[in-house]
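Heads up, the chain below is alone and in the form predicted alone; it's given as structure tokens.
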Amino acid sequence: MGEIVVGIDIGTTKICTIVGEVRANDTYILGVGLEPARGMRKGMVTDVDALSASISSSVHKAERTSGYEIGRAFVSLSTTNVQSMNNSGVTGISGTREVDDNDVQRAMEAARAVPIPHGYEVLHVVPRRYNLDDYVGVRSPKGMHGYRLEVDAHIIMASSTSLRNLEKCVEKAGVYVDRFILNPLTSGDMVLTQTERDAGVMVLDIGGGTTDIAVFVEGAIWHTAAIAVGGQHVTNDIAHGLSLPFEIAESVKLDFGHADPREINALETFPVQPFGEERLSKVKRSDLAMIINMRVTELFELVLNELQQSGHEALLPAGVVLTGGASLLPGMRAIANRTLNMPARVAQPESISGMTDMLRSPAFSTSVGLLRLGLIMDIEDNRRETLRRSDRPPRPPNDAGGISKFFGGLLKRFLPEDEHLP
């Protein structure tokens, strides 16, 4: 048996609430609530009331399908108002005893002590690797003997304004935010293999309004970023290029779209009704592909520029893994391969069971990943005795029939250590 967990994935185009039981080898989906997003643009809240209503509707659907009353949830964060950096922290080990959780926590707190830009706050501090005396690149120092422990950590900071606005919308829908988790961390945890993480790989979570980037090297997160380009920008280009309403342009993209003009028959056409026309017009599918290709190529060029600036371009033999709803567009893998000059694949959630019919798609990698990664982060916080904010009320449980159901389970860690938690 596992623990009942709730995740709310708040995107630019959709809200997805999932109730699941996180078990040792998979996540059993108990309920799903899907609702179009209103009040979001490029990962930013633009209308509190509209977004709260969308979240509330999604939550109620998940409650009906799962039979659980939702009081708390892990919530995804996809915004360009994110900064990241790497820093190290050092602590001494007194005597000749073994390294314990308190030693690791002191080193992590030392790494956390970095200048924080005005208006930002620390969202995640994730260890990349440890050094213990002369041992370099230790994955888990606990239980080892040494005198000087150093941790190399990846620190992710997010806009306080973005967090508070999103938090207000969730709580207005009647749900307590357990924690915010950056999108590419959850999708990366869900779709990457351990071999890819160890070798060096990049995850691109391509959503409606943003593309989230996470670089994994030596089994740990090394770089995160976000680009304000996503699937909606492709739709906007189609709407402008073919003089179509946005809704029709979205349908055209889904029904006839392709990112690689080389794969399209130059004679193939499809019917549309542009603005100002009384009759249907025929449009070459190759012309549509050219419109899409220009925007998609631009997206991957922006990703390549971000990767080059990070200095990790040469550390990714496993290439890039594409996920998110916009990665479903045919031809995306080929354009990523050519533009980034690295292996590419499209990935969807794995190791899930239960109500999974609609969730086996790259569009739900973040949604499903929220459950397992959120629980793992909570376990880590509890082990390190991280203090929660004292000004918050007690967290409500997620109940079925008014009775909380919490179970233990073996969870594979997201952090660098290749071990299982008790």
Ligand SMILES: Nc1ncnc2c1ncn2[C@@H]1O[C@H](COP(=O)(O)OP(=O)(O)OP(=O)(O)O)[C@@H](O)[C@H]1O
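Note that this is a predicted model, so its numbers are computed, not measured. Note that residue numbering begins at 1 and tracks the sequence as displayed.
In what follows, reference is made to the form predicted together with this ligand, a form of this protein that is not presented.
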Contacting member of G146, G331, G325, G319, with respect to this ligand in the model of the complex [4.5 Å, heavy atom]: G325
Segment assignment from 120-128, 134-142, 157-165, 249-257: heavy atom within 4.5 Å of this ligand in the model of the complex: 249-257
In the model of the complex, A363 touching this ligand (heavy atom, 4.5 Å): yes
Any non-hydrogen atom of V203 within 4.5 angstroms of this ligand in the model of the complex: no
Touches this ligand in the model of the complex: T210 (any heavy atom, 4.5 Å): yes
Partner contact for Q232 in the model of the complex: this ligand, 4.5 angstroms, heavy atom: yes
